[in-house]
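Presented below, as structure tokens, is a lone chain in the form predicted on its own.
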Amino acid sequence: MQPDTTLRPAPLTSAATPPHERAKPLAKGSTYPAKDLCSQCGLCDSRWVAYVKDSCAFLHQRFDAMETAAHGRSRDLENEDELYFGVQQRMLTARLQQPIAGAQWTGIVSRIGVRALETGLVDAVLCVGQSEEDRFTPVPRLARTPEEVLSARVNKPTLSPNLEVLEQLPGSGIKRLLAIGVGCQIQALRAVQPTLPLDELFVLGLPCVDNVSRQGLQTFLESTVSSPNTVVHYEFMQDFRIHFRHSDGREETVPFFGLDTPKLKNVFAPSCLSCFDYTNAGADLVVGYMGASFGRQWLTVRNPKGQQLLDLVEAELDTAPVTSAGQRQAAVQQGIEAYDKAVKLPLWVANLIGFFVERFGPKGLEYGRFSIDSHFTRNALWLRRNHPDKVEEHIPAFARRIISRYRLPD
């Protein structure tokens, strides 16, 4: 008899009143249950804190149960694509034929949000705007108009309390919601989904690694780019360079291998250094760049709801199959050792390495595997050294299989 993997909220302590109707959000500045591993997803800033023990990605890992509840099955570990990229019905690459002005890339995520509202598929879109005072300070919102969705375009590479807006759902009239978020947020959202006052939930996921606090972001920008205060957005891209766009329209690139590793090694949030959900396993549809050729977006449809979201915009996309080329293993192994030793290369050496890796290194899905391998091995090593008591329960089976292919330092 197969085990029951259905995700359920914590059992009610009162037959009359569910826990989230009696609970109150934790006070801002409280020590959250995950402590130093907290990703500030916002769940504890809502009454759904009542379920945090069983829903927080950093207190309780439950990938198989989450995938089964969301997609009808868990990933096939013998299928190399699913081992790396999760449950899928379809993978493709795409770009909008008419890009959205000011979007980070062509604007596929924003366009899906707009179309979901225009077609009446949903009543609101959970997305992330920015503070009026600071472009990189995230402000989660329940957008009800296309204009509100578009105003939230462009990534905010900082920890964001997206789920705090769950507090606004009761009495809002919102019954159908599209939630856009990263892995830790979506894991918590999926766990409390049965308790939400919604008739329908669609989840559009973003691949995510290496978020930082706002202070950490400033350290990264000041050590990496020529004019940190004019950066509008940036992304680590498939050409092994970080692409920055400035407020005056100027673009600047920096090779991965030229980063000030000694200064930046500890700038990333501990939650990100202990995360193994790079590809957002619980989302219906994932839109990112990691498995696509340069200049295109990578899309993974995980279930029929994901296809429903893609149907909203597919006629507006230039689509192409996924491709894969090159070999990643040697580069990953060398990167493990270089990162561990906090090697900082002269810029001319970094540019030379970048030149050859861009032309002869992994591309397409192989680049995606390169990035996953690099982050999973780094994170496993970080956990082993900083939270050895969590290693056994915290690293999921698919990540263990990937990590076992490499030699980690002691």
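In this text, residue numbers run from 1 along the sequence as written. All values derive from a computational prediction rather than experimental measurement.
The protein also exists as the form predicted together with a small molecule; that form is not presented, and the subsequent description refers to it.
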item: Touches the small molecule in the predicted bound form: residue 207 (any heavy atom, 4.5 Å); value: yes
item: Residue 160, heavy atom within 4.5 angstroms of the small molecule in the predicted bound form; value: yes
item: Interface membership of residue 182, the small molecule in the predicted bound form, 4.5 Å heavy atom rule; value: yes
item: Residue 127 within 4.5 Å of the small molecule in the predicted bound form, heavy atoms; value: yes
item: Complete contact of 103, 107 and 156 with the small molecule in the predicted bound form (any heavy atom, 4.5 Å); value: yes
item: In the predicted bound form, segment of 247-255, 282-290, 116-124, 305-313 with a heavy atom within 4.5 Å of the small molecule; value: 282-290
item: Among the candidates 297, 74, 193, 274, the residue which, in the predicted bound form, approaches the small molecule to within 4.5 Å (heavy atoms); value: 297
item: Contacting member of 177, 94, 231, 152, with respect to the small molecule in the predicted bound form [4.5 Å, heavy atom]; value: 152
